[in-house]
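A single chain comes next, written as structure tokens; it is the form predicted alone.
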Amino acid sequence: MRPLTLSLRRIALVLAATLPASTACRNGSSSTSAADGTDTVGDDATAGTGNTTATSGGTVDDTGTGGSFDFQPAPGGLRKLLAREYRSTVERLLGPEAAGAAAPPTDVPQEGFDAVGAAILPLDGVVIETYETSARAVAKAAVANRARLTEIAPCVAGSPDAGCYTEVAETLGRMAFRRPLDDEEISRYAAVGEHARDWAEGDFFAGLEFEIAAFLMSPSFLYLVEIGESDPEGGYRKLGANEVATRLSIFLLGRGPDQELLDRAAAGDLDTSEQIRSVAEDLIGSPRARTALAGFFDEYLRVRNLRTTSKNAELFPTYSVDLAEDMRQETLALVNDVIWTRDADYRELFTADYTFVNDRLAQHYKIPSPGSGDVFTKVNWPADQHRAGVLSQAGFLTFQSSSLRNSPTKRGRFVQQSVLCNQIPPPPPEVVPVLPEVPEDATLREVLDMHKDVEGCATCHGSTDPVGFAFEYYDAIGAFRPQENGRDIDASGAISGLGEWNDAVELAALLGVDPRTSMCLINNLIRGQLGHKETPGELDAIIALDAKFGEADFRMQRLLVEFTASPLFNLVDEPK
């Protein structure tokens, strides 16, 4: 048999473009978010809705309230599947063994989220080659699992002939591309299988391997197509049924739609807001919904970055990779409890007087061990540690610190930008801060307070540091400390428009009742799930969705369902 050196890039030359001619990557502005998702001082990741003026646009009905508002949707276009979505979609298509072989490129976040980067960053040669390598590995694993392939295309069983390539193109192709293939496309992909079979001197499964790999290398698989169809009534573009099915599944389940959902789209079950809402309610009952939402919070709260967060070993000898993973799981356990187990007020993520620990994490917090080993157990926060919610957990406190010490600036900036969606301006480029001489016994708070007297520094630090001081009771790995340099901690602060506080518990209470907290969550969902930064034209729709969130007692399960029925979810502007 001849060696299989046929390249998928060569196959790509055989395959004509399968994406609609009008598609384009979304228009995106430059960003200064770090590659690991860290918010940099200069990034414009969170323009506050309170400072945004809606532009004039079309009027849309807010189905479910009987009201209407001006709305100008964000541009449509393409968004690349995220790595986690790629793996989950491969698993749904070809099984867990194939998903285990998948190795897609690492996502590059913009505006703090992978999905924004996936919508605006082009692919370079290295990324394309990585996709090819992954596709080959997945296809090889898939062909080795004949039972799974037989479920997709029964012709694979027995002694398949060339006609089986056509059957695979029809069935697998529809699931991979999240839409039916036309006759010309089916013929092209079947021809890939036949060509590779001939190259392999008649080996049917060698041809099948290349056909599967070709699907996985296609832009129609790798990209979510969200360009919609012209809507004469609204003046914008309404997502088609298959696009809605795909966006629903990606948004709620973190993977491409299954055959049942595509069938519902074909049957017209996704044509109205009420129908979409009904389907969303079905999907949110799936265990996959918990996994997908955990992925969003893992990214939004930055705890996924703990795996690669380092600390000075001499200063923090107890810090380890295992402890960092415990911190991450603690945060996700609280998310799961508030949103899924109790279906409670979302804002309890910030105000909860309890957390989840295993024995190692309990030792870190210096609280009684639950005696559960590695199993996480619900415990109340000790009153004398001044903790409440995710912002007092070690995961947030550790990541929002340097390797040597805690950082009120980073901690405060996250609260301002990512919890309240207040824009923090970048420092002027000409600023060279020169602080007065610092006494040896000065606390970090006293050092940072010196920025108030440095021209060009006060604007930024005046917005971030007072908030960050609420977390001064916790060191760079989130351990409690009642003193610094032999002096009692001062965790008090005040910000105009937010209020005054004496510690993290009181700050959390203010965040819990601040109307910006819930609206900012919606902004982060737009960024992290839809792949674009909220636009001025979307403001009225965001406000309307936030009102429904409040009417539902801020239960996130309800928000997710209502989000899918919003024009934010179903309308797009012309691709740019």
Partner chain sequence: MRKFTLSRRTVLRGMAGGATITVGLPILEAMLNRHGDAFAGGEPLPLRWVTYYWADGINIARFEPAQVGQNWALSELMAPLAPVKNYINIITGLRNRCEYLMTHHEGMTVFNGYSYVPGGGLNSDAGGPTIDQRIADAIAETKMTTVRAIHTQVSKRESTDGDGGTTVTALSHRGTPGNLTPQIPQTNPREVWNTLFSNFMPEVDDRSERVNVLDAVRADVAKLKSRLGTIDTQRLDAHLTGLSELQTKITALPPACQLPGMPDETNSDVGGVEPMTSVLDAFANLIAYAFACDVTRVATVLFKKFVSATVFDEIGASEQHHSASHISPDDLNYRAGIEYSMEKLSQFLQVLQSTEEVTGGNLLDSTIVFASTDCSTGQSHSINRQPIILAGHGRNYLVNPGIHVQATPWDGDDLDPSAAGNTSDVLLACLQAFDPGANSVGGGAPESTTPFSAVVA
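Positions refer to the first chain, counted from 1. Just so we're clear, the structure is a prediction, and the values are computed from it rather than from any experiment.
The form predicted together with the partner chain is left out here; the points below concern that form.
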Evaluate Glu185 for contact with the partner chain in the model of the complex, applying a 4.5 angstroms cut-off between non-hydrogen atoms, and reply yes or no.
yes
Within a 4.5 Å heavy atom cut-off, is Val108 in contact with the partner chain in the model of the complex?
yes
Would you classify Asp298 as touching the partner chain in the model of the complex, given a 4.5 Å non-hydrogen atom cut-off?
no
Answer with yes or no whether Lys378 is in contact with the partner chain in the model of the complex, where contact means some heavy atom within 4.5 Å.
no
Among 91-99, 206-214, 247-255, 389-397, mark the stretch whose residues have heavy atoms within 4.5 Å of the partner chain in the model of the complex.
206-214
Heavy atom within 4.5 Å of the partner chain in the model of the complex - the one residue of Pro232, Gly158, Gly486, Pro122 that qualifies:
Pro122
So the partner chain isn't shown here. In the model of the complex, which residue out of Ala494, Ala144, Leu404, Ala267 has a non-hydrogen atom within 4.5 Å of it?
Leu404
If we check the partner chain in the model of the complex, which of the residues in 539-576 reach within 4.5 angstroms of it by a non-hydrogen atom?
Pro575, Lys576
